[in-house]
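Read the single chain below, which is given as C-alpha cells and is the form predicted alone.
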Amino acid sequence: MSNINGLLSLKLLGFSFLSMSVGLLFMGLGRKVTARIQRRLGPPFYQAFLDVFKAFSKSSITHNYVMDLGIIMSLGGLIATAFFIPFAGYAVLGSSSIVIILYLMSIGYLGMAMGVSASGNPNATIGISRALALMLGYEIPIVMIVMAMMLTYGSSDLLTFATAQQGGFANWHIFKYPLGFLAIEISFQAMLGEAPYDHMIAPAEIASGPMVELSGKYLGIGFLLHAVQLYVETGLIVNLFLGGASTWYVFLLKQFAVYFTSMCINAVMARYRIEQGIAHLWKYAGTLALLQLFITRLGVF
C-alpha cells in the first residue's frame, strides 16, 4: 500500500510540474507571438521561467494570514484541477469528471479573490470584482455546452468525450458542435483575461489589478497560477472539441494552437468596458451555447 501511495504521489508531483512548465512555456511563446504581430522582437520564449525564478529570489510583503491562505488556495485549486485533465488520454487519478473540473476551477479563482482582496489595495479589489463579474458571463455558456455533451453521451467524464472523437479529425466535436465551439472560444478569451476581456488586469486603469500588491514569492505564485490556468483551460478545449490526443506532443501542439489563436485576438483587439464585456458574452457566447444545447436536445430526443 505504501508503494502504491508513493507512486501516486510521484505522479501527482510530476503532473504539477508538467502543468506549470507547459503553462510558462506557453506564456513565453504567447509574448513572442504578440510581439511579432505588433512588429516587435519580443523577449525570449523562456522569459516566463526567468520571471518566476527572479520573483522567488526577491523579498516578499504580506499583510495577513488571509492573503497567504488565499494565494496558496488559488494555486492549489488549479493544480488539483490539472489532475483531472486527461493528458494524451491519460488521467493521473483515473477520473476526469467535468463536474469536478468546473468545481475545482472556481475554487482556484475564488482563492485568488480572497487573497488579493485581503491585501487592502483598492486596485486589487477592483480587479477581482471585475473578474468575478466576468465569470457570470462565461461560466453559463460553458455549463450549457457541457450539458449538451452529457446529453449525447450520458456521461460527465471528459475522457469519454475525448475518446468518442477518435478515428480522424472528421469525428472531432468542433464539427459536431460548431456553435458550442464558437461559444467556448469566446468564453476562453474571457477566462484567460485577454483582450477584449482584460478588465481584470487593465494596466492603464488599475495597475494590473490583482497582481498590483503581489511581490516576491507571491508574485511568483501569481505567474504559476496563470501558467496552470493556461494548461487546464487549453487542455479542456482540446479534450472537448479537438479529439484529445494519443501522444503527448500532439496534445501539446493542439493546446498551443488554441492559445495561439487567443493571443492573435489579444494582439489586435481593444478592451471593452466591463458592462460591454459581460453583455457581449451573454449575447454571443450565451446565445450560441443555448442554440447548441437546444439542437443537441432535439437530436438526442
Partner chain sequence: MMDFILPAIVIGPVLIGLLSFLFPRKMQWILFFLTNIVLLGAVFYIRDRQNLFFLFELSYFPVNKLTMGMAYSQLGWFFLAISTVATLLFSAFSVGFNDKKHATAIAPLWLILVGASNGIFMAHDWLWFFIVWESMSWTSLLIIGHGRNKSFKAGIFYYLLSLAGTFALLMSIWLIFRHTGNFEIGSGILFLAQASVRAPFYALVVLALFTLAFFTKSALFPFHMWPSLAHAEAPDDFSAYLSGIMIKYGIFGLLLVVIPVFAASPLHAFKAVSGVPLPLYFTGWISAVTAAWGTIMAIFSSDMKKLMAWSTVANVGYIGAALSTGTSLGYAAALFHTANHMFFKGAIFASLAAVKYRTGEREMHKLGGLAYVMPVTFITFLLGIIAAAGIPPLSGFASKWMIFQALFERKLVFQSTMIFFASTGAFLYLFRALHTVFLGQLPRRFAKVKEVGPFMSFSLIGLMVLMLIPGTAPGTLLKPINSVLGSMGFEQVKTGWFFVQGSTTAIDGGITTFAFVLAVAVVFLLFVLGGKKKKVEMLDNYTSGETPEDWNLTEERYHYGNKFYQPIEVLFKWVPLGAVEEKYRQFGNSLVRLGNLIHDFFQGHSAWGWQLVAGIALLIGLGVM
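Residue numbers count along the first chain shown, from 1. On a predicted model such as this, the values are computed, not experimentally measured, just so you know.
From this point on, the text means the form predicted in complex with the partner chain, which you will not see here.
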Problem - the partner chain in the model of the complex: contacting segment from 129-137, 175-183, 162-170, 190-198, heavy atom within 4.5 Å - result: 129-137
Fill in the blank from the handout: None of I274, C264, A257, V250 but one has a heavy atom within 4.5 Å of the partner chain in the model of the complex; the exception is I274
Problem - Interface membership of G77, the partner chain in the model of the complex, 4.5 Å heavy atom rule - result: yes
Practice task
Answer yes if any heavy atom of S246 is within 4.5 Å of a heavy atom of the partner chain in the model of the complex; otherwise answer no.
Solution key: no
Problem - Partner proximity in the model of the complex: Q229 to the partner chain, non-hydrogen atom cutoff 4.5 Å - result: no
Practice task
Indicate whether L25 is a 4.5 Å heavy atom neighbour of the partner chain in the model of the complex.
Solution key: no
Handout entry: Interface residues of 149-164 toward the partner chain, as seen in the model of the complex [heavy atoms, 4.5 Å]
Key = M150, L151, G154, S155, S156, D157
